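Below you'll find only one chain, the form predicted alone, shown as structure tokens.
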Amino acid sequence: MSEHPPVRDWTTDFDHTDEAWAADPFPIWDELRRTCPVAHSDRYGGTWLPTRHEDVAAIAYDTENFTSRSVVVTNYRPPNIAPRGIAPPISSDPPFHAGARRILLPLMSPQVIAKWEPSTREYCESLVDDLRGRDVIDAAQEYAQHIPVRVIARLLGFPEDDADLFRGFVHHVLEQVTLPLEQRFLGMQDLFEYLRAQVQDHIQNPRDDLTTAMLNAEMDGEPVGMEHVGGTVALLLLAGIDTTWSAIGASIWHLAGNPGDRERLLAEPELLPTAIEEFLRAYAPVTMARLVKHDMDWNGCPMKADDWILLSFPSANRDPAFFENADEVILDRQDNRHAAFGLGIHRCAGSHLARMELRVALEVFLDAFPVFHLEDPSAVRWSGGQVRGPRALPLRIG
């Protein structure tokens, strides 16, 4: 996946696109927490990696010293269009952020998301119906990846037939971060040209969906503008797809490799919501980024303006100083203040949607396939970069 050479030393040369990181980042995080809790790499023009929950939380809440104007680490710094950023509200800094988030939250409320559950369940059931009768299926490619694509397309009012386009955008923006600037630019141009056409169609043909709601929204008594709408729609399209299919796939992967947990969920289906929180903690898919605002010494780290910070929420969720038995998956874990949806002002606005999709996807899958195992553990392939989840997950059914 990476265009960079392999990592030599994770404390001084880490790279989140490295194949070893994608395959199994847990021992890397464990070692760094013990020996170098805030690692540094010259890659990407200078990047810091806090691995302890304490440090990740401190930076996530600190909007004075760190900006969110870009949340995806690449070889190039984005233009400074703070406080809005390219994809509000996730790329917005205070005070703009509060208004941008205030627009989005009612559109992603539990009451609104509940209306999407029946169609989500119907779609999941159609997917498993297509898989019945087979001995081996790929739960990532033939199940998990399709669910959020369909849900987000309907939520935004975009053509469901564009699913392959959506997955291509996700791959380019979130995984191909080491490509040359020219290729990155062309891919981003394709994305925003697509979004521009979709938003323009909504202007001409309003309907009952989130895109039209954003077009009708106001901040401080003024329309939010095309750039704001396009950026927010881009955020939902990219983040709403990759993160959720990764969480669904990782949960199924865990159950395939841990039959005791799978059997317990079948015997105690009421445990599923609690188990989902534990899957989110243990296999949190998302690592966010910040940029350092100005030269400073941060807890002994000589940070420079425009250095990247990789906020590893997944590593924070495995910190034994914050979670008891942090490396164990405990389905009925009660004290579970995990950071899978982020920390601070940018905590995921779509968490209710993600939880609904994950719960419905697992309910339908377990009902259809009560017995399944990894067909070949070595054939499982994980995505690297800032969103980690299985991209190939062959299972033997029965």
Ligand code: HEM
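A quick note: this is a predicted structure, and the numbers were derived from the prediction, not measured. Numbers follow the displayed sequence, beginning with 1.
Although it is not shown, the form predicted together with the named molecule is what the next lines describe.
- Contact with the named molecule in the predicted bound form, defined as any heavy atom within 4.5 Å, is confined among 31-39, 359-367, 44-52, 337-345 to 337-345.
- Contact with the named molecule in the predicted bound form holds for none of P25, W253 and A326, as no heavy atom of theirs lies within 4.5 Å.
- Between the options L280, L310, M214, I147, the residue in contact with the named molecule in the predicted bound form by a heavy atom within 4.5 angstroms is L280.
- The contact residue chosen from K293, R101, R167, R262 relative to the named molecule in the predicted bound form is R101, the criterion being a non-hydrogen atom within 4.5 angstroms.
- Proximity of H97 to the named molecule in the predicted bound form: non-hydrogen atoms within 4.5 Å are present.
- Among residues of the shown chain, L235 is one whose heavy atoms approach the named molecule to within 4.5 Å in the predicted bound form.
- By the criterion of a heavy atom within 4.5 Å, M288 is counted among the residues contacting the named molecule in the predicted bound form.
- For the chain shown alone, A316 is not a contact residue for the named molecule in the predicted bound form, no non-hydrogen atom being within 4.5 angstroms.
- Within 4.5 angstroms of the named molecule in the predicted bound form, the stretch 194-226 places no non-hydrogen atom at all.
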